[in-house]
Structure formats: structure tokens, C-alpha cells
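To begin, one chain is listed below as C-alpha cells, in the form predicted on its own.
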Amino acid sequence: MQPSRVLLSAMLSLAFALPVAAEEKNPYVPETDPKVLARLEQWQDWKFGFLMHWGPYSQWGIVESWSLCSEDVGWCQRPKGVAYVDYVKQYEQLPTTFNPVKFDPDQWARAAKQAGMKYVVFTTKHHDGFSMFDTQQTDYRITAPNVPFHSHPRANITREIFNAFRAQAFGVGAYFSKPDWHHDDYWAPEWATPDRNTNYDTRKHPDRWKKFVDFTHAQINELTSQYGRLDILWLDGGWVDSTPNPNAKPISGEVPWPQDIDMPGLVKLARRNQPGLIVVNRAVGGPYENYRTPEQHIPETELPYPWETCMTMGDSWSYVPNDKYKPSRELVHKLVDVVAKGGNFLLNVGPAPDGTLPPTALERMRDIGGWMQVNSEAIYASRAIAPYRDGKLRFTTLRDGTTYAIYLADEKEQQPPAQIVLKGLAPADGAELRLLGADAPLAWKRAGAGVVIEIPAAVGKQVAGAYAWAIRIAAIRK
């Protein structure tokens, strides 16, 4: 029941246009809470994070949750010949066979640390409503008696992941879906479910909607009070919002009634439990979207607010057998490009149904980690500096003025070129330039507004085969 590669590509390209459009029409509202601002500054220093979409759906190797949605779009398709109602019943039985006995969060955390990642965001609940934590609000959870894994010592998967990553000094984030398609007060069983939204008018049934809001707040209270330090609350499902669309068309993914989850109350609750918590109310805008999350793409230029590109390592967010993973070189280049424009890079891997990370994903993480061991000083705690990029070059800078020019190598380029020209960016007089991973200073000379940097062949050999080469510049001439 694996979607075709074409279907996956269509799903990715169309679904990701939604948050981008929302970002453009909903203005960013800067945070004012000093504790949140301090946490945001720390988060911007981390630069590189690890996202995981995982749940019982991994057993079928399908797109997470979306096959439950009956919208007529590529990423919601189900197998031909299976009636929608029958499919939903089969999907909702997946937890009864979910038994990831090879789950080892310590191994996951070590692999992410080796890759150079600094924070983790885990899907505590996706749109299908299955909770990967020991919630007391529903039996549709990983620790329910009908789930084989419930008796495992590490059955409370979210707690185990958070603890394992904290032990490796990671920042910790909880992905949480605001919509819940399993909950009877979101998709009410009395009516059909034409699209991703509530299947009833919340204005006609306010008491019913209030029960769902209370349920959501109770789950957020559990996650923010019972699972240790939390740095990020990453809320997905931007259509669950207080602003209705009066021009909504049937089965369009929009509705003319509000789905007001009471964000002020939710955030107050969460920050009472976790002072300084970063809240990411994705694709909604307003005061509770502390940073923006362009999905599956990197902006062309720097952005005037904190942001993070979230991207899949393969084609799918969730586990798909024989997924097509991006080459290690491409992933390093994307990381550098994101950071040079002032963003963070949140890279997603879907764990397999047995609880392991796919071997190819682990290989990519080791490759990235090898590059980061040499060049991480050009990434961590850096900020954007004009001109941000020039051809194959990307630029970053640290708080002390140390600046880096990072050359993105083509696959055929095994060593840095003999000369690298920096345009519009020049070191201060007497500045020392060094190639990270090599042990000799580089000669350079001024050329107009920029400089020409000489890289001897002997120096280039010391860093041969890298995906990119970073040159440290002690100070930039103003």
C-alpha cells in the first residue's frame, strides 16, 4: 500500500505551497517576552535539528495520516477498490499491530549528535489523532492495552525520546497536531467528513467545539508538565484557526466557520508549565508563531524574522520502503545555504515500523557529521551577513566578527580551486585567513571591493573530497 513516487512528489509540492502562502498573507508578529526572546536566540545558535514523523502508519509505508482525509488531492488517495469507510476502519486498527521492539532512542540521539544536530522535534501526535505518549485523554495512544508495545519498558515513546536527546544536550521540541481526526468532537461520527476541517459548523455547535478545545488543552498540559524541559511547541494544522473564510468552497480545505483553539489560553497554560517556551503556530501568523517554517524549500534571500526550513531527507515525511534519499553532498549544501540566509535547518527522517532508523538515513547522517566535525564553527551560533551568497560561495559570521566564506563543491571538484574571489566582502588589513581542516594561513590580496584568495595545492590536498570548504576570515573590513 505504498504510494507511487509520482504521488509522493505531487503531495509534497502541493501540500507545501499551503504554509508558504499563509506566511505571505499573515504578518509576522515579533515576540516581546524576554524569556522567549532569550530561548529564540539560543535556538538560532543551534542551526541544525532533527525531525521525526513516526506512528502506526509506518507499518503500511504510507504518507502519514493524510489517507484518512477524503479531499480529492494526490496525497489523500487510498488504494483503489477499497471503500472509504472500510479503509478508515483498517487504518484505525493499525495500533493493534504496532510493536516497534527495536526502538532505541539512545541510538537515535547518538546518531543525531554525530550528524551535528543540536535539537529534536518529535511527532507526539499527527492529524490521525494517535498519541505517541501516555495521554490520559484518550485510549487512542501508544500505551493503550490493545497496543502490543504498551507493555514494553519504553512504551511511553515520547518520554523516552525526550530523555534520550536531553542526555545528549539537545534542545527538545514537541510536534503536536491541532486537528485530531480520531476525536468525535472534531470529526463527529454523525456526519460525513468531506475534508480536513471539522465536519460541523462550530457556530451551531459551540458546546461540542468547546469539548474539543478542552481536550486539546489537556493534552498540551500533559506534554508541557510531565515530560521534562521543553524548548519548542511545534503546532501543525494551520487551518485550525480563529479566522474563518467566508468565501470557502466545499471540499476546498477551507470552511466558513472558525476553529478557534483558544491560542492565548493554550500558550498561557504551556508557558506556565514551561517559561520561555518557543511556540510555533505554523502557517497562521500572529503573536504565537515565534518563528516561521518554510516547508520543503529554502527561501531565495534572507528573511526579516527567525525561520527554519523543515525538509525531508527522502521523498516522504514518514517511513516509505525504498525511499529516495537526497545525496549527502546535497544535504550539506542545503544546510549551508539555509544558515547563510539566517535560518535553521530541520531535517526529517521517518523511522521504520520496527523502531529503527533506515540504514541509508544513518549513512547520510554520518556523512553530514564528518563534514560538520571539520566545519561546524562556520555553522553554529552564526548569523547572516551580506552578500549572503555569490555563485558557489555562502557567507556566515559570528558575534565576534569572525566571518566564513563557504565554497560549495561540485561532485567533480575534489579539491578547492587555486583561487577563490570574494566580491563585496573584504578582510581587515592584516587579517589571517585559513581553510578549515588545513594548517597553513592563506595568502590574499585586494581586488577592487573584494579579494583574491590563493589556495596552494598542498593545502587543498589536506581537505580533498569534502562537500564544501570553509575559509575563516578573522575580521571583515567595514
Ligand code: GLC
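Residue indices: 1-based, along the sequence shown. All values derive from a computational prediction rather than experimental measurement.
This next part talks about the form predicted together with ligand GLC, which is not shown.
- This chain appears without its partner; in the predicted complex, the one residue of 319, 175, 371, 404 with a heavy atom within 4.5 Å of ligand GLC is 175.
- The partner is absent here; in the predicted complex, the one residue of 338, 240, 233, 310 having a heavy atom within 4.5 Å of ligand GLC is 310.
- The partner is not drawn, yet in the predicted complex one stretch among 29-37, 407-415, 421-429, 58-66 has residues with heavy atoms inside 4.5 Å of ligand GLC: 58-66.
- For residue 126, a non-hydrogen atom is located within 4.5 Å of ligand GLC in the predicted complex, even though that partner is not displayed.
- Proximity of residue 282 to ligand GLC in the predicted complex: non-hydrogen atoms within 4.5 Å are present.
- In the predicted complex, residue 222 stays away from ligand GLC, with no heavy atom inside 4.5 Å.
- Contact between residue 53 and ligand GLC in the predicted complex is found at the 4.5 Å heavy atom cutoff.
- Residues from 284-301 that approach ligand GLC in the predicted complex with a non-hydrogen atom within 4.5 Å are limited to 295.
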